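Single chain ahead, written as structure tokens, the form predicted on its own.
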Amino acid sequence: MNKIIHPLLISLLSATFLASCGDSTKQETIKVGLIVELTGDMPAVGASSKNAAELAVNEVNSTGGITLNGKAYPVELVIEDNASKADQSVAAANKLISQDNVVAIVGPNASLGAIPAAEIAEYNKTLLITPWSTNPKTTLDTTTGKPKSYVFRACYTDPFEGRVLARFALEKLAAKKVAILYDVASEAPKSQADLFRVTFEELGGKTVAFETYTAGDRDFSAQLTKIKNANPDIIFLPAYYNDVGLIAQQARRAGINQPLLGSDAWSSPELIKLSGGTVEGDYFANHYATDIATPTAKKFIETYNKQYGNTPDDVAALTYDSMGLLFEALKKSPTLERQAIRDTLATISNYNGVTGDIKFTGGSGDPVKSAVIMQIKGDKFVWVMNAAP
């Protein structure tokens, strides 16, 4: 191959390539891999994803599993924890493909893990569906500029989200000046910050502060001082929920009272607990809203709540949709070969998911779908508006 592979991946890629061609129809179960963030910086994300995946598998198995050529196959879920790290995502993808012989992988969720795992999947011609990774690099071959062939996502992308949030800030919140604070070491927040800035300025807004921090930082006083002095109308904070709470508390203590605007990385209910009420009334983009749930979403929400005792967040909903997309492909595939499953998934033109209708077009693994804007009120995320593609 002429493609240049990152040195971190070379040894693992070469070790797994032959395994990707194996005949999965010889096994008695259909093995599906799941890579999730059970430990590390965002365990709430991993827990939601694992719960939804297990729910989906239990449901399909309760109806007899996947039937192909007259034979029923139960689905076996093989779970790997990537600890919210890139190298462990690579190791997990390698193990699932070469040792566990899965037919496809769902996850990781966060882009820092999904991007390197996607490289492994693409090289080994194994279908990977990420529920929550919005970064363009996940599904894009950065060497050729073309879409990866074996990597799909159930969520919208950062460019779309950046446009949606910039328009919302300008048109609905009447913000003319924005300050931006983001984690420079995290793929999705960095991408969201850059794309929001471009769109906001193209539409006539002005960026008065563009500040960064690094995951693990606990003191944001220097950045917040610059932001306060810049006197923005709004602060865009595309950060994961585990960072937002601390930043919001320090901002309010510093006398910064302007509204905060977040990305889908805010979406865990843990945000409300971690922020201590300091994000009350603030806004963020999300993938679905429970208070305007469709019949498909209502059924999922009720079943999930009954099983786990809480309302599913967007990560759970997107994971459930990822599993549903995979099951749809498995049911329609002529064989259980990895290539056949991937080719079948690419033809899905209208899947009615929990997070809305999903379709793939033009050879891309990025679906055409809508976003929603949410506002934090008390202990709830409340729907504000829809944003169509």
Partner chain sequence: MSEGIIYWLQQALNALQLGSIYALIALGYTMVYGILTMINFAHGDVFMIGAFFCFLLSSTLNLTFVPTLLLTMIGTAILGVLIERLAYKPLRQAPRVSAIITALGVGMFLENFTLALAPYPKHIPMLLENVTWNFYGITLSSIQLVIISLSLGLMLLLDYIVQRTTIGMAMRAISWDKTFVPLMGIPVDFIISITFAIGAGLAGAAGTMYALAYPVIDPYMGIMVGWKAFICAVVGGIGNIRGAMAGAFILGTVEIMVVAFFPSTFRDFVAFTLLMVLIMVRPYGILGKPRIQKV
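Numbering follows the first chain given and starts at 1. Just so it is clear, the model here is predicted, and its values are computed rather than measured.
A second form of this protein, the form predicted in complex with the partner chain, is not displayed here; the remarks below concern that form.
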Name the single residue among 163, 228, 197, 137 that comes within 4.5 Å of the partner chain in the predicted complex, judging by heavy atoms. 228
Proximity to the partner chain in the predicted complex, single hit among 43, 356, 324, 65 (heavy atom within 4.5 Å): 43
When the partner chain is placed as it is in the predicted complex, which of 218-226, 72-80, 200-208, 280-288 ends up with heavy atoms within 4.5 Å of it? 218-226
Residue 296, heavy atom within 4.5 angstroms of the partner chain in the predicted complex: no
May I ask you to state whether residue 173 is within 4.5 Å of the partner chain in the predicted complex, using heavy atom distances? no
Closest heavy atom of residue 270 to the partner chain in the predicted complex, within 4.5 Å or not? yes
I'd like to check something about residue 242: if you look in the predicted complex, is any of its heavy atoms closer than or equal to 4.5 Å to a heavy atom of the partner chain? yes
Listed by sequence position, which residues of 276-298 have a non-hydrogen atom within 4.5 angstroms of the partner chain in the predicted complex? 276
